[in-house]
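Quick heads-up: it's one chain on its own, the form predicted on its own, in structure tokens.
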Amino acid sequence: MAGLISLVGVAVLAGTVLVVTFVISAWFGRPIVFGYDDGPAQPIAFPHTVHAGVGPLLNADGSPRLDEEGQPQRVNVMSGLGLDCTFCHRMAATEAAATIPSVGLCMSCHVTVGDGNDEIEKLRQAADTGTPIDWTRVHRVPDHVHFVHEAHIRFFTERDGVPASQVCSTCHGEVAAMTTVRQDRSLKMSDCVDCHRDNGAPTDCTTCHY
């Protein structure tokens, strides 16, 4: 009986330590969660390295794409497509939400591109059955926070004369280099307020909370 009580006590202590660690890490930055830095698995593996990247072409699992002789393809043989973020996230520059591309937009290329790729076959099956893809959300701010993509992209593109993709990386990190997308910044309120101060944007509460 004493051994059982000791075991329960150890389990309670371990659980308490985990909860406290999670709460403290979430308060000061991103919460510590096992596998968090890897980003969540998606129903269809979408490698941004292939679509938005400009480096060597990679497979969906991040391994090098091989040539006909079984050797990794050189940069000058095949590179990522280098698509701008707004090619797929089409509302980012005009609306509050960036939006996720529809199956139909993906199929505008993959009707003919990607034969034999298991992930693309999942996409084609979704298109054939009219089933939307239930993507797992990566970035989230609290429901009482209003983040308008259009205003941020417009400010930086007009001021700095840069494409939208360079603005997106300010908050989202170098997504074009991520095989699996992960949250790059904490996106805590202090992160947003510091950025507003650095760029002369308003810091009044009603700017984001309304």
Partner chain sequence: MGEKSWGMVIDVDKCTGCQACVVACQSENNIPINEEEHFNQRRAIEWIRVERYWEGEFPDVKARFIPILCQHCGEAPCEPVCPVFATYHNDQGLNVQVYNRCVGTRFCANNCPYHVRFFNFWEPEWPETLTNQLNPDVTVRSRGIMEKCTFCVQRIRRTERESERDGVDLDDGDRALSPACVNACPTSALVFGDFADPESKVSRLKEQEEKEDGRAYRLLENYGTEPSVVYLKKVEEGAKSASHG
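Positions refer to the first chain, counted from 1. Computed from a prediction, not measured in an experiment: that's the story for all the values here.
This protein has a second form, the form predicted together with its partner chain, left out of what is shown; the following refers to that one.
Task: Residue stretch of 146-154, 177-185, 39-47, 162-170 approaching its partner chain in the model of the complex, non-hydrogen atom distance within 4.5 Å - done: That would be stretch 146-154.
Open item on the list: Please identify the residue among 94, 136, 117, 108 with any heavy atom within 4.5 Å of its partner chain in the model of the complex.
Closed with: Checking each option against its partner chain in the model of the complex, the one that comes within 4.5 Å is 94.
Task: Heavy atom of residue 6 within 4.5 Å of its partner chain in the model of the complex - done: No, residue 6 is distant from the partner.
Task: Any non-hydrogen atom of residue 202 within 4.5 angstroms of its partner chain in the model of the complex - done: So residue 202 counts as contacting its partner chain.
TODO: For the heavy atom contacts within 4.5 Å of its partner chain in the model of the complex, list the residues of 175-210 involved, in sequence order.
DONE: Heavy-atom contacts within 4.5 Å come from 202, 204, 205, 206, 207, 209, 210.
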